[in-house]
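Given as structure tokens, the chain that follows is alone and in the form predicted alone.
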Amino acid sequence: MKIAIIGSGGREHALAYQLTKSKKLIKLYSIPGNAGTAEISKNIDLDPNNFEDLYNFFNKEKIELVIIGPEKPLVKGIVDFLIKKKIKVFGPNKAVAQLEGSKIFTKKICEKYNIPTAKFKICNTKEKAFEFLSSSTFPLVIKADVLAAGKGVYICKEIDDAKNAVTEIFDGKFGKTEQLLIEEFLEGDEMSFFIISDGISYKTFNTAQDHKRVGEGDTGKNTGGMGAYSPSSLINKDLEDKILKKIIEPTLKAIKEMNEKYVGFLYAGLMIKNNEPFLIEYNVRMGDPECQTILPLVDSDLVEIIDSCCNSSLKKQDIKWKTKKSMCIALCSKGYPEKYNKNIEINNLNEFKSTGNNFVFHAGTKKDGDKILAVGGRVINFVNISNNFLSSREEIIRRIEKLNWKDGFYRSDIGHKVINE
């Protein structure tokens, strides 16, 4: 098959790498890709949000399958557009992509279908939000009702923090928004839970836990993800059954009752307390860096799995997994998630390839002749699979230190809750 992946991050490099292991793959394109995808596919410099240009390229090159990596094109309706053009595409359509595009849309589904989640209040003006906050108990969580690359969430310990969050959101920090969400603060441990669906049936697609905070010990500002490990230490058969019956299946039922179907990865961000799951949010694609952590554990043909979803035949697929543990640590540009320098060269990165149990997935990189430049906040994902998380972390850190990129930083404590040193 001739396949195109939309996106340019670590998630898309991990997808590309896994696809190249399939005998069914004839040619792979990454749009626009990064310096890592350029080594294993053909990068095409097109805007992922310019649907007409994408279609013209797919049509010209006779692309047989398009895989959408990031959320923005999904929320904007790229799947609907390509289906109308008779191009096979993996990902949910615009109507159901609201599960990520609008946190309020998801909350209303939770309310209607009795899905366990935090209590919430929807506010459509700054004044109404302030009024609600004046009689609230803290801490609270305030969320922008827009795509915010994982950064539109505020955990507020007192009213001044909350008012500042409300003001920033309504002033357009994350784009124009007409409403926001105020939620109770849930205590517990977070977990990422994935399924893959063909619109008729679904299969679980492993679990992970990521570290969103920039600083050691899960401190500092939220980022897109400083690292992750898989599987989650929280998962057990009883908990998985509860997640499926109380959260995933009612959501898929809601979608069916909308006369829609869900095709693609569905990622549930959960809070687990006393082995009970609560839905924090949905993402309508693979997570990043969870994708980089999970895919190296897949022991089946990813092209076959994804193609079966597009053909409504997922039920026939047997998804096999390696019985190992996986960890990913993100090497980031100094200053991230605030201001950081771009177009900084990373020397000797070509020496680090994905071989054996070690994987290197590029995120914010680009090629400039023979040079590889850092152009994003999260730059390189180092991944290792092994029999225990500690040995994976030690191996990753050894490799990062060997690279010795002076303009980067990383968290050395990824997995600290499950590693007893």
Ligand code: AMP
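The first residue of the shown sequence is 1; numbering continues from there. Computed from a predicted model, the values in this text were never measured in an experiment.
Keep in mind the form predicted in complex with adenosine monophosphate is missing from the figure; the text below concerns it.
J.: So in the model of the complex, does residue 260 come within 4.5 Å of adenosine monophosphate, heavy atom to heavy atom?
T.: The answer is no: residue 260 has no heavy atom within 4.5 Å of adenosine monophosphate.
J.: Quick one: does residue 185 come within 4.5 Å of adenosine monophosphate in the model of the complex, counting heavy atoms only?
T.: The answer is yes: residue 185 has a heavy atom within 4.5 Å of adenosine monophosphate.
J.: So in the model of the complex, does residue 212 come within 4.5 Å of adenosine monophosphate, heavy atom to heavy atom?
T.: Heavy-atom contact with adenosine monophosphate at 4.5 Å: present for residue 212.
J.: Just checking whether residue 190 would be counted as a contact of adenosine monophosphate in the model of the complex - the rule being heavy atoms within 4.5 angstroms.
T.: Output for residue 190 is yes: heavy atoms within 4.5 Å of adenosine monophosphate.
J.: State the residue from 147, 200, 271, 104 whose non-hydrogen atoms include one within 4.5 Å of adenosine monophosphate in the model of the complex.
T.: Of the candidates 147, 200, 271, 104, 271 is the one lying within 4.5 Å of adenosine monophosphate in the model of the complex.
J.: Taking 4.5 Å between heavy atoms as the contact cutoff, choose which of 234, 155, 110, 297 touches adenosine monophosphate in the model of the complex.
T.: Of the candidates 234, 155, 110, 297, 155 is the one lying within 4.5 Å of adenosine monophosphate in the model of the complex.
J.: In terms of non-hydrogen atoms within 4.5 angstroms, which of the given stretches 343-351, 177-185, 80-88, 324-332 touches adenosine monophosphate in the model of the complex?
T.: It is the stretch 177-185.
J.: Would you check whether adenosine monophosphate, in the model of the complex, lies within 4.5 angstroms of a non-hydrogen atom from each of 118, 141 and 280?
T.: Result yes, every residue of the spot touches adenosine monophosphate.
J.: Using a 4.5 Å heavy atom cutoff, which residues in 382-413 contact adenosine monophosphate in the model of the complex? It's fine if the answer is none.
T.: None of them.
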